[in-house]
Ligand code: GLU
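One chain is shown next in structure tokens, namely the form predicted on its own.
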Amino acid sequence: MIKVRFAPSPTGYLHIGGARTALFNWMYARSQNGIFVLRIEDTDQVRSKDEFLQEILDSMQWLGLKWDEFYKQSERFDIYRKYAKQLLDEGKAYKDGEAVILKVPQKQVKIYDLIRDEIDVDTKELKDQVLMKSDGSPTYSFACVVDDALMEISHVIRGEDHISNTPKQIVIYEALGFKVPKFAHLPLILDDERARLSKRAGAVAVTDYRKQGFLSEAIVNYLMLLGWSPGNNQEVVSLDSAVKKFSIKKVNKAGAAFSLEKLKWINAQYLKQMETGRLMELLIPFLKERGYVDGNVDQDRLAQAVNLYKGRIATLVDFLDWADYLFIDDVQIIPEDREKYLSQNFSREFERLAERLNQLIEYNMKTTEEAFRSVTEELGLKASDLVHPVRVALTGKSIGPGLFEMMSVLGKEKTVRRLKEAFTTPSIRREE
């Protein structure tokens, strides 16, 4: 039976690197009809916090990485003490004060890594290994070995930063007479300068990406590409589809560069393909948090807005930034756009257009365009003379979807009022 584990410490939030490790373990288990264990390594009672544990659990569930078995090391201290005593009784370990320390034998340790092939280590490079600290808590390596053995973990899949721990742990496995699992050390995630990913470059918590409006399926899709490929240059791939193709032996040895732009691109692909109804459900909490909507959401109008911007946004938060003018009373116009598009006084033209639009019985994209073109023709203007000034006055933005689509979704009342107030409101009043 294939059995793997993801073993985070609740001393911080689940970050992108940890999520990628969890994902590759989960994919390997599912691809082999195996078991995926989530083990919380909370032996550091001072630094381990409940808030971090809850965030890890929430993030794992949000990403869709459901576990089959769950353990907390803080509940297993008696087990570690039992095996430490066994090694003391067998003369394989000794005490230094209250600490229990393993005698490391002189030998060559061979590690066959499923990704990196064979790794040889001479134990001369290792010092005797502390198993139990003087405060009665186990060390990372000792608790890890005991748990992996008792939980029958067949494959230990973790980051290459753990390579130095592996020979130390193999020595402990052998001292206890436990079967040594197979190992696979994943390449590190690098920043755009090929250095190890830092918080500055993107090693932030999964929760942060969630708050920024990334979709769980897009994050999972991107993480699986950091060190592995489904083949055929495929970049947008569902988790179910990827599981069928996944092989741990096909994971790259070289570090994988994290690109926020690539993540945004993948997220945008998922947003474009998403049904409007589901996208609305995801957006409503963001809209409520900004105060743009209350409990009573105009579903039809929101659906129109979502369809207007679905193909233009890379994150859920992008929608709020693009479509804020639909939900607020007064738009804010940046000085550069005000100078460029509203320095000429169009108050007469805007007033005429506002009156014509206000007279419309049916207010939609077709009728607003007809009204706009008839007004510009009557005033002897080209349509292009007014398109950008009107867009900026109505939305506070100089770019966006088609003007008449935007006017239709904005609605008659707000459109007419903003046109009439465009050159009287202090925020955009032209200096005389």
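Remember, predicted model here, so these are calculated numbers, not experimental data. Numbers for residues come from their place in the sequence shown, where the first is 1.
Beyond the structure shown, there is the form predicted in complex with the ligand, which is absent from this document and is the topic of what follows.
Only one of Tyr140, Phe286, Phe77, Trp322 lies close to the ligand in the model of the complex, with a heavy atom inside 4.5 Å, and it is Tyr140. None of Leu271, Val100, Ala175, Cys144 but one reaches within 4.5 angstroms of the ligand in the model of the complex through a heavy atom, and that residue is Cys144.
Contact with the ligand, judged by heavy atoms within 4.5 Å in the model of the complex, is confined among 326-334, 157-165, 347-355, 291-299 to 157-165. Put simply, Ser408 is far from the ligand in the model of the complex: not one heavy atom of it is within 4.5 Å. Taking the ligand as it sits in the model of the complex, the stretch 281-309 never comes within 4.5 angstroms of it through any non-hydrogen atom.
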